[in-house]
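A single chain comes next, written as structure tokens; it is the form predicted alone.
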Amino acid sequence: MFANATMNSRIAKNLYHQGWAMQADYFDPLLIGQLAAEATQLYQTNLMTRASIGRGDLLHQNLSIRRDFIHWLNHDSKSQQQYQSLMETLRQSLNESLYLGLFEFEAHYAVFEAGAFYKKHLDSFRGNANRIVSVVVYLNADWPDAGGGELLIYAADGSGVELQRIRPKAGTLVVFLSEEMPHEVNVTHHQRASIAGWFKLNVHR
């Protein structure tokens, strides 16, 4: 059984109580395979760009912090549209359960080459009314135990306590509060593909 109301309810409950949630096998393997193939094609045809850090005028590349390549989803393909539909259902569920007022969603493919990483960071900062809930889905089939590339989620209190270490297993969905939960991507030993997305408020109102 894949993405359903029970899973979305569990995600909302865990997000409320601990600031993060993980759901294995959230996506149909067929859809994951299609998204993985699309990410691979974009990477192999040099249609991805090296990711930057910062926002606006402060946007810049820093290879000591982040070393992945990205391509923003434009929803042109059927697989992207199916993914977007599932995220829309999740958005509605989180709004109904937690009254978050999530309004829009943006996402990009991310490919980490062997040796790449992303140091500890927050996806948003308090008061920006920008990214509220972060979403990650993993695309690599048969990820080895020693493959590295785990997502590390840390306590929101700044203590540096590691709460969870998540292997990038295909079909796993991770959701966490963008302003609250520090996280990082460990050095990966194999090429690692995912989709990173963010539910945002309507900042235009």
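Every value quoted in this text rests on a predicted model; they were computed, and no experiment measured them. Position 1 is the first residue in the sequence shown; the rest follow in order.
Absent from the display: the form predicted in complex with N-oxalylglycine. The rest refers to it.
Engineer: State the residue from 35, 177, 136, 170 whose non-hydrogen atoms include one within 4.5 Å of N-oxalylglycine in the predicted complex.
Structural biologist: In short, 136.
Engineer: With a 4.5 Å heavy atom cut-off, would you call residue 198 a contact of N-oxalylglycine in the predicted complex?
Structural biologist: Close contact exists here: in the predicted complex, residue 198 approaches N-oxalylglycine to within 4.5 Å, heavy atoms only.
Engineer: In the predicted complex, does residue 151 come within 4.5 Å of N-oxalylglycine, counting heavy atoms only?
Structural biologist: It does: once N-oxalylglycine is placed as it appears in the predicted complex, residue 151 has a heavy atom within 4.5 Å of it.
Engineer: Is it the case that residue 121, even though its partner is missing from this view, gets within 4.5 Å of N-oxalylglycine in the predicted complex, heavy atoms only?
Structural biologist: Within the cut-off, so yes.
Engineer: Residue 188: heavy atom within 4.5 Å of N-oxalylglycine in the predicted complex?
Structural biologist: Because no heavy atom of residue 188 falls inside 4.5 Å of N-oxalylglycine in the predicted complex, the answer is no.
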